[in-house]
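Below you will find one chain, with nothing else, as structure tokens; this is the form predicted alone, and questions on how it binds or moves follow later.
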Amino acid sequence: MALDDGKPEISLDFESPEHARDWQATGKELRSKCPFAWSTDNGGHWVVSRYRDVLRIVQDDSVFTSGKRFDPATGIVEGGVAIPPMPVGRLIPAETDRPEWDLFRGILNPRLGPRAADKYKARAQSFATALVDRVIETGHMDTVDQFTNPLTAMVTLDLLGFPLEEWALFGDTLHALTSLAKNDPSYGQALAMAAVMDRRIDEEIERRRVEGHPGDDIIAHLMETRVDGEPLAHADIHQAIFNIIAGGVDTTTALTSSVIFHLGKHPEQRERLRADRSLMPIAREEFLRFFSPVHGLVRTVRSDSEVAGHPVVEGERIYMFLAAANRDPEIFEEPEEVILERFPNRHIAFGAGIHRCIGSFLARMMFDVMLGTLLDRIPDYELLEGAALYPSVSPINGWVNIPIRFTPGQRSGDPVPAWMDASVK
């Protein structure tokens, strides 16, 4: 990153491996020297790194919009929440504006709120128990491939109503898309698998349309919904399903994996959490602040306005550097330290405003189940060589894999479902 002393202009590619290696220092430099800067990369866009400026943007959805338009014939994308934009249909509700946002959020809120998290907690715990049972006698596992990624995929598919044996198609595909650099030789294969996942979503919608869609899952709910007497469009149902899968799987995987690695490096904090579970809810929010699995989000300027004293013009794009804002010393004391008992904690890891993460309650539930299970059953784990961070941390900052070893233990006694045994790596 190079700062121009004469104007707020920088060169900063959030998808680059250089940024992934040094984003903490970049965030600190931006906040102190150029908190509102124009990046010349990826077509040009503003970068906002201070907490109060991010809040200014996300709380004014009339001026700073998330809506997206995509033309599949030309591949042209306008708007959306990512830079560079993904050449796919809009995420619903993440890439909608009012009044559409009110419609879709109203449809989905009851299925993704606190009651849903409570309802699926026992199922999530059964998945976590079975996943640990598969490895606990061996004394080693890869916590990403064999624990965090499978569990988040299983819970998300359970919510939606997909067959659980298909977890790997969705979980592994999304993990590959977010963990591989776009110039990696394997990225093309990940895109091909994403196309298979897309087709599978279409097939499930069509199957239910033909055969009926009884049940209490989210897909059934979407298909039974009527707006002015008419069903939701196929494309809207598809993109709502995709948004739930994308938001439910790799973001929670990234958070939990980061915490597993951190506690492997800081066994004194791990022991505190193991001995005093009342710390977990407060510590979880600190982990969300510190690791910020969603690295940044984007808004489009709908009408001329200002941010941090700088004019912004209709059509300009603004990258909100959430990870930097969550370490803003104006808001957080000792922001570069993990303080388990930090309270209150006004982090914006889930965003803020109307587009605050719709699945935040489920994400917290899955995190609590995974970390609690690990502390209960594999409390003495040690990190092994070979752990690797994502080569690109935008939009998600996570781990490709984290191998560990531990003292072998006993299975819980409950049978491991055959579908899980056949699918887990």
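Fair warning: this is a prediction, and the values are worked out from it, not measured in the lab. Numbering starts at 1 and follows the sequence shown.
What comes next is about the form predicted together with a small molecule, which is not displayed.
In the model of the complex, the small molecule sits beyond 4.5 Å of every heavy atom of Ile237. When the small molecule is considered in the model of the complex, Val48 lies well away from it, no heavy atom lying within 4.5 Å.
At the 4.5 Å threshold, heavy atoms of His355 reach the small molecule in the model of the complex. Among heavy atoms of Arg317, none comes within 4.5 Å of the small molecule in the model of the complex.
This chain is drawn without the small molecule; in the model of the complex, the residue among Ala349, Leu222, Val307, Ala128 with a heavy atom within 4.5 Å of it is Ala349. Interface residue among Ala325, Leu255, Met154, Leu174 relative to the small molecule in the model of the complex, by the heavy atom within 4.5 Å criterion: Leu255.
Heavy atoms within 4.5 Å of the small molecule in the model of the complex belong, among the stretches 267 to 275, 140 to 148, 98 to 106, 201 to 209, to residues of 98 to 106. Using a 4.5 Å cut-off to the small molecule in the model of the complex, each of Val81, Pro93 and Leu362 places a heavy atom inside that distance.
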